[in-house]
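Presented below, as structure tokens, is a lone chain in the form predicted on its own.
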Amino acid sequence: MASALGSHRRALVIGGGLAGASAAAALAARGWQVQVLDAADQPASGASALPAGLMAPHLSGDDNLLSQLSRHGVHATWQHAQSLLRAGIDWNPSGTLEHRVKSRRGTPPVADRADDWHRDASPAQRTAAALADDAPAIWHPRAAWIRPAALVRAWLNHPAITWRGGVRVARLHRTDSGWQVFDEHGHEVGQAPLLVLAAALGCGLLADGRLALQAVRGQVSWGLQSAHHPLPEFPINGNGHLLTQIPTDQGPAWLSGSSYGRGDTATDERAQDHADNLARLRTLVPALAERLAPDFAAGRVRGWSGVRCASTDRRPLVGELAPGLWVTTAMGSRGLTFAALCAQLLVARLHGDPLPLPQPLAAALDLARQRPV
């Protein structure tokens, strides 16, 4: 593909969230001039506008496909976060405690081994999370909360990348020299030899049904932390998650969630979702949930909701849909984990470079595995 393009290293990326920004940055790093088009006026205006999200490796007793992929993804994002983001402001590489709430008490939930990715949580970590000494808990040192919008802006802050917001792409047209894109009024808004679709659910519309995508609504609950009810310095995940010490203009905040509404595309704030988030907190960290319950009851908890894009098997989709037309989408609730890895994979395949992960794992992300609905 790279040789066929010759010196015409111009690319259009449709979508200004995690998937699109990471693809643009990866292309720019390889010498491409990239223009990013998005329907919103500002980058990270969709699901990537989440106030803060958790990036953590998935853990399974048999080290399944998702677990292996997640480690590669965390490694890729971690490198970018370290070089681009401000610790304690844009991200916090503190590690996270995973409360294995579905594991039988007293039974190790994974193979009896510790490595660089996970180990048994210490007594001090369990105490900070207000969990019992024998609670099935794993510590992930390579985990962090991240502000997605900060990472998106950092990726787009490259001299070879230009941003153009307020452009709603409605149609694609293949030409002898590449691709043209048109807005809803039929006006051409860009053309380039290479076109990357990274517009979440919008990819399905632009791909004329060749991608099987589904909407998943998620609402998080958040509030300001109280000095009278201290919370741990690190996130906790398991059945949902609890992020803490997120800086705001009004002081440190906590964030918890999220709901999972398959097929729901509305972004209104819902009392029932707040109630569901509290119920998950009561399973995840019972004692800490009781410290936060009065805020829920008094209406002091705020909400943020967005619509995520997922594939039918809940793994991202990356690959070439047609000559010069590439896709990176369906990050689901793991955009922070997978966006950078998918961008690396896209560029490696585009240039014929060594892949950033073993071939069987790369195949597990390839959109060729999926048949359209």
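None of the values given here were measured: they were computed from a predicted structure. A residue's number is simply how far along the shown sequence it sits, counting from 1.
The form predicted in complex with a small molecule exists for this protein as well; it is not shown, and the discussion that follows is about that form.
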| task | Check each of 95, 202, 193, 136 and return the one that places a heavy atom within 4.5 angstroms of the small molecule in the predicted complex. | result | 202
| Out of 168, 158, 270, 282, which one falls within 4.5 Å of the small molecule in the predicted complex, going by heavy atoms? | 168
| query | So which of 317 to 325, 37 to 45, 340 to 348, 66 to 74 is the stretch with heavy atoms within 4.5 Å of the small molecule in the predicted complex? | reply | 37 to 45
| query | Looking in the predicted complex, any heavy atom of residue 333 within 4.5 Å of the small molecule? | reply | yes
| query | Does residue 54 reach the small molecule in the predicted complex if we count a contact as any heavy atom within 4.5 Å? | reply | yes
| query | With a 4.5 Å heavy atom cut-off, would you call residue 237 a contact of the small molecule in the predicted complex? | reply | no
| Exercise: residue 27 in contact with the small molecule in the predicted complex, heavy atom 4.5 Å | no
